[in-house]
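Presented below, as structure tokens, is a lone chain in the form predicted alone.
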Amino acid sequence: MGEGLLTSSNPSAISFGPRKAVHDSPGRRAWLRFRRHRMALLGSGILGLILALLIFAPWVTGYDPNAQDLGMRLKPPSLQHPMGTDELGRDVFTRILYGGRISLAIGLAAMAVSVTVGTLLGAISGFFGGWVDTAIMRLVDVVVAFPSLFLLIMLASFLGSSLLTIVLVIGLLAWMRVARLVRASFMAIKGHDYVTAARCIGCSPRHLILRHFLPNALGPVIVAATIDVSAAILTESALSYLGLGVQPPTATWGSMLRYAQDQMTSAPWTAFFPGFMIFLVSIAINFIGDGLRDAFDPRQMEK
């Protein structure tokens, strides 16, 4: 009989094996689990809306983010300026949209740097062990031992305040947590029977890492990556506060918070809206990270 033919008298009930395999693929099961995670869907919707506003900022607002109007300085929110104006009469809503482009770009790029470096070093450390593991973990201890703010100031002072420099400085000082998480996951996975079986049939280290170790270590990495995005935005804010971040008149959410500190009581909206955007993006990304962690959890793969 045909491979995919079912024992049914109804012709419409006939199905084929390959088609069923496609529908039951791990990717599709992961997507179905993610779709059932309501908070992850909420986070995706919030982040998608924010990204749409940032991308179409020139059509959403008709103001120039750097245009000054001293006659309109520190005006409260109104129909003309939905989020009010700052100390130079610039539209806060417009600067949030344009500044969000820079802040999110810094957060995502710095996260990519930290996750790439951390995953690479953590994978090498956990997979090979021995003196390699000892050397990498001692490097992690040394970097963690230094005050991060001091290193940020020192590197930013020497390397300058370009966007690339800020991304590299933030990313290269945030990889240690990811390295430790990946190493711990790899050390735990080493003793599993399927890893031993893969070694016995002659699988190469590259195959073992890419097909068996990394997929099972994906959950902690995703969670760390989502945390790193919001942490990078806050770190850029700290650098801006010290005058080492993105230089004016270019707006970022962090620099807007820095310049709003003098108007916290007289014009609280200048600090509230940038801070609220950082909070909103951070919580949305964390929701998405939780959903991705559950979707790619190896313990859920057979469900």
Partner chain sequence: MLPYMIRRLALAVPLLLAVSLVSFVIMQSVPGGPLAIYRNNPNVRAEDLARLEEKLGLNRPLPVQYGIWLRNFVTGDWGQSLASGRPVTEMIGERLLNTFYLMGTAFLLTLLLAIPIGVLSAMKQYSLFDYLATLFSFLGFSVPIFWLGLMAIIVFAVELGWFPAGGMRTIGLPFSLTDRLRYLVLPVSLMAFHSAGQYSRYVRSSMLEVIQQDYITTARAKGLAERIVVLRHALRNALIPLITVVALDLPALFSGTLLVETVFAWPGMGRLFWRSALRFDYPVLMGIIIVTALLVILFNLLADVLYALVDPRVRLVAKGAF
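Numbering follows the first chain given and starts at 1. Everything quoted here is computed from the prediction, not taken from an experiment.
Keep in mind that the form predicted in complex with its partner chain is not shown, yet the notes after this line are about it.
So, in the model of the complex, is Ser78 in contact with its partner chain at a 4.5 angstroms heavy atom limit?
No, Ser78 sits far enough from its partner chain in the model of the complex that none of its heavy atoms falls within 4.5 Å.
Using a 4.5 Å heavy atom cut-off, state whether Ser157 contacts its partner chain in the model of the complex.
Yes, Ser157 sits close enough to its partner chain in the model of the complex that at least one of its heavy atoms falls within 4.5 Å.
With the partner left out of view, is Met264 within 4.5 angstroms of its partner chain in the model of the complex by any non-hydrogen atom?
Because a heavy atom of Met264 falls inside 4.5 Å of its partner chain in the model of the complex, the answer is yes.
Should Tyr194 be counted as a contact of its partner chain in the model of the complex, where contact means heavy atoms within 4.5 Å?
Output for Tyr194 is no: heavy atoms all beyond 4.5 Å of its partner chain.
Looking at Val60, Ala30, Met39, Ile55, which is the one with a non-hydrogen atom within 4.5 Å of its partner chain in the model of the complex?
If I apply the 4.5 Å criterion carefully, the residue I get is Met39.
Among 135-143, 68-76, 113-121, 161-169, which stretch has residues with heavy atoms no more than 4.5 Å from its partner chain in the model of the complex?
The contacting stretch here is 135-143.
Judged by heavy atom distances of 4.5 Å or less, which residues of 279-294 approach its partner chain in the model of the complex?
Those in contact are Phe279, Ser282, Ile283, Asn286, Phe287, Asp290.
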